[in-house]
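Read the single chain below, which is given as structure tokens and is the form predicted on its own.
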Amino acid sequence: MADLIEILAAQRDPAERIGVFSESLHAEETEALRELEKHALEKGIPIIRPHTRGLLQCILEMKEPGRILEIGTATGYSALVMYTYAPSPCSIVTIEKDEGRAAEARRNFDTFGAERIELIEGDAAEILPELTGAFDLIFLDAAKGQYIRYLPELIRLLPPGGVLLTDNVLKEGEITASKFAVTRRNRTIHKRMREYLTAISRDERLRTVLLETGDGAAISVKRRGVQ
């Protein structure tokens, strides 16, 4: 494996080599999670990258959340990462629109005995306004063009000091390019993601930092004492 990493790294530019090397260091993963990850990748189902898994693990240790919200369950891999690595027992609410993936996620949760994960099937835009209470950590990893639509409700559900982690915000670097360099079919997502990044960066209720890790991630913390 190490030799393969060296070969792949030699074929990339410096930024890509850093990414390959960094991902190779994120090795902590249980055997059960590794099998779930392998299954998802074999079926072509997008799941979080090792970078993002490591970032989640760090946030879990720092924040020690009691209540977590996830938008975009897929087959349940990321929810189970959070469930597994949370330093103390926590409850997780996760939302998935796709019926087939929701069914598979439920099976995976049952296999893991993850009784404190609640899966809500449906459109997050309709479900979020119905949620009450505060979530110490919100993980957003769903349809990229909908992020800006979800944002007002996500901010409402965050308590002061709460963390919003948004994944895949750079879209393989495409978001940094001019809209004219993006294929016509992707211009709507390009526009909406830029709107979202601008919104979380300029909203006075949030402190946000953009990371290049994985496919890009944004960490936003709800500021204390700001309405």
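In this text the structure is predicted, and so the values were computed from the model without any measurement. Just count from 1 along the sequence shown to find any residue number.
This next part talks about the form predicted in complex with ligand SAM, which is not shown.
Note that among 105-113, 83-91, 153-161, 119-127, the stretch whose heavy atoms approach ligand SAM to within 4.5 Å in the model of the complex is 119-127. Contact with ligand SAM in the model of the complex, defined as a heavy atom within 4.5 Å, is made by none of Glu29, Pro50 and Gln57. For Leu137, no non-hydrogen atom is located within 4.5 Å of ligand SAM in the model of the complex, even though that partner is not displayed. Using a 4.5 angstroms limit between non-hydrogen atoms, Pro46 touches ligand SAM in the model of the complex.
Proximity of Ala143 to ligand SAM in the model of the complex: non-hydrogen atoms within 4.5 Å are present. Contact annotation for 88-125: residues with any non-hydrogen atom within 4.5 angstroms of ligand SAM in the model of the complex are Ile95, Glu96, Lys97, Asp98, Arg101, Gly122, Asp123, Ala124, listed in sequence order.
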